[in-house]
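So this first bit is one chain, no partners, the form predicted alone, shown in structure tokens.
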């Protein structure tokens, strides 16, 4: 049986989806049967996961609505061990309230994740920013959680919020393991970035914080624009190597 890893953040634009995509690809390159599930109605996973040309745009929301079968929304990628479930047609809607409500009160999300856990080594779930109904529901179904945080001053305000939110879920789901905070978009020589990273390291217990960062990288942006994970397109790039390092650390933790 595999592990379900939720990737969550208090706000958007911190590298959450980039982390989810590259981490999933790095797991797959290790030979682990990996599924990345996008439940964020923004639907950004479809742009960088290495999906084959002409892929379907249907996904979890369409399965939730009962219009497609589960097997029809699990898509192949350029990596043999990586499959993707997009969020689906809800990404084209301006109003996501019905989608969020259905997930919050229904059982299809936990049922789907339970099936995925049985069939995969690792299931990576990309959640919406914040700790709303969808993210909380995912956390309630997950085994582990990872928090990417961009190295910018605002992180000093959002970090306590996300930690309190996760702690509130753990109160009712004690099996959830907090894997740690991952500092992203780190830019050496940028004074604000370096001060932020130093402040986080000073005030967050070391056991809750990864001891390396994901550097800001043009190669990561270029890879996403090309629709391919950076760990596949630019494996020698420092950010790609950092994601591979992260996958190695986590895979070791996941071993029974």
Ligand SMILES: Nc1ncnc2c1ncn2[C@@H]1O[C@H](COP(=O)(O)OP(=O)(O)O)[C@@H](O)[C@H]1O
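Residue numbers count along the first chain shown, from 1. Just so you know, these numbers come straight off a predicted model, no measurement behind them.
The same protein also exists as the form predicted together with this ligand; that form is not shown, yet it is the one meant from here on.
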property	result
Residue 12: touches this ligand in the model of the complex, heavy atom cutoff 4.5 angstroms	yes
Partner proximity in the model of the complex: residue 220 to this ligand, non-hydrogen atom cutoff 4.5 Å	yes
Contact flag, residue 216 vs this ligand in the model of the complex, heavy atom cut 4.5 Å	yes
Contact test in the model of the complex: residue 185 vs this ligand, heavy atoms, 4.5 Å	yes
Segment that reaches this ligand in the model of the complex - one of 55-63, 25-33, 208-216, 193-201, heavy atoms within 4.5 Å	208-216
Residues of 52-78 having any heavy atom within 4.5 Å of this ligand in the model of the complex, listed in sequence order	none
